[in-house]
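We begin with a single chain expressed as structure tokens, specifically the form predicted alone.
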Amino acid sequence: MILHKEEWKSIFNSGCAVLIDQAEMLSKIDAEIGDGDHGVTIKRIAETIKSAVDKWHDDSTLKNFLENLAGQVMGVAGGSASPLWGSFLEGMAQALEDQQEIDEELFKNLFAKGLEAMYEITPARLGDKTMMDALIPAVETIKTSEIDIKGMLQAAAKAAQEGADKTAHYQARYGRAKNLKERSIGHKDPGAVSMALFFTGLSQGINKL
């Protein structure tokens, strides 16, 4: 399977649609252990991505699109989510030159580079009750897959969801939730949930192609 610009547009828009639709739920989850505004921030990020997709010109490569999008997302007001999501997108761009077609191997490298960029800006890892609990298993699933891109995203969405669900058993180590200590156990991390939802949306988008 090869992805071109139009396919990327469909996939990104699907991921954003899920986040926007679930924004209120994300804020409710965040209210249990945080400020209660995660859904608001994620909705802004999703709307920023969707707007960029709608304005994506025919002469702009995926690399240029991701680089510009990363900067826009980093500029979204609202906590740590914006710089984290922006850094992931920026990392993805580093895997590219001027390719207009994305095959399986390049697809794997896109997500691998995005995760590498995250490792550089956050010390959070699996078990720390952050978005990384969904992102790491999703990307590792993609990296080790021997199936087509559609299958990769389906498996990644499942891995991300399982990772987000596991955060209910962890004690928070970062953000406002860490102040709750043991009381943070029993609640899912909103950042992990939103990342899992995004992968679900990406998977739904590619299934429609």
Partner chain sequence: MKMKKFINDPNNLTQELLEGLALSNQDIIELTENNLVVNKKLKVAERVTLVTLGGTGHEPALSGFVGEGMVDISVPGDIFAAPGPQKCLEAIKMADRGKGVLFVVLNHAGDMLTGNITMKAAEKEGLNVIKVVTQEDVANAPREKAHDRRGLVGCVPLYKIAGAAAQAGKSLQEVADIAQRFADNMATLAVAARGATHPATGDMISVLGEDEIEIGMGQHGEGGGGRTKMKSADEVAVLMIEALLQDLNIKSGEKLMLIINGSGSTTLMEQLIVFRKAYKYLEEKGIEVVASAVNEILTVQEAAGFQMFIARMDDELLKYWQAPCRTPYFVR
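Computed from a predicted model, the values in this text were never measured in an experiment. Numbering follows the first chain given and starts at 1.
Here the subject shifts to the form predicted together with its partner chain, a form of this protein not shown in this document.
TODO: Within 4.5 Å of its partner chain in the predicted complex, counting heavy atoms only, one of 65-73, 158-166, 50-58, 142-150 shows up; tell me which.
DONE: Heavy-atom contact with the partner occurs in 65-73.
- [ ] Would you check, heavy atoms only and a 4.5 Å threshold, whether residue 87 touches its partner chain in the predicted complex?
- [x] Contact with its partner chain, yes.
Open item on the list: Just checking whether residue 28 would be counted as a contact of its partner chain in the predicted complex - the rule being heavy atoms within 4.5 angstroms.
Closed with: The answer is no: residue 28 has no heavy atom within 4.5 Å of its partner chain.
- [ ] Answer yes if any heavy atom of residue 175 is within 4.5 Å of a heavy atom of its partner chain in the predicted complex; otherwise answer no.
- [x] Contact check for residue 175: yes, within 4.5 Å of its partner chain in the predicted complex.
TODO: Determine whether any heavy atom of residue 127 comes within 4.5 Å of a heavy atom of its partner chain in the predicted complex, and answer yes or no.
DONE: No, no contact at 4.5 Å.
TODO: Report whether all of 83, 121 and 181 sit within 4.5 Å of its partner chain in the predicted complex, measuring from non-hydrogen atoms.
DONE: Yes, each of 83, 121 and 181 comes within 4.5 Å of its partner chain in the predicted complex.
Task: Any residue of 15-33 that, in the predicted complex, places a heavy atom within 4.5 Å of its partner chain - done: Read in sequence order, no residue approaches its partner chain (within 4.5 Å, in the predicted complex).
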